[in-house]
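Just the one chain here, laid out as structure tokens, in the form predicted on its own.
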């Protein structure tokens, strides 16, 4: 799994890490049952604090993307029902689409972007 952290980004490092792991799941780069690196190993490899990795893993666990096991470490385990996932997506998209609306991005342009992104996941 390749992770790229932008240390100059306004987005918090733990959120970048979370988002990239979710993207890696969506693109099948990592799959159900795969182990993620230990908190210490990932922090050392990226050059970030262990607490930052731990925070990302904790959020991923709370959101239903992984399980933390003392023996196996962090394991990808998708545990979210579709209705809950759709409601969370609706709330996240509401803000994203409000930003797009304020920047004069049309409904069609937004749909085209969504279609383009979904094709990224389907190709794999």
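Residue numbers count along the first chain shown, from 1. All figures in this text were calculated on a predicted structure; none of them were measured in a lab.
The form predicted in complex with the DNA is left out here; the points below concern that form.
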query: Interface membership of residue 41, the DNA in the model of the complex, 4.5 Å heavy atom rule; finding: yes
query: Residue 49: touches the DNA in the model of the complex, heavy atom cutoff 4.5 angstroms; finding: yes
query: Proximity of residue 64 to the DNA in the model of the complex, heavy atoms at 4.5 Å; finding: no
query: 4.5 angstroms heavy atom contact with the DNA in the model of the complex for residue 13; finding: yes
query: Among the candidates 82, 90, 99, 70, the residue which, in the model of the complex, approaches the DNA to within 4.5 Å (heavy atoms); finding: 70
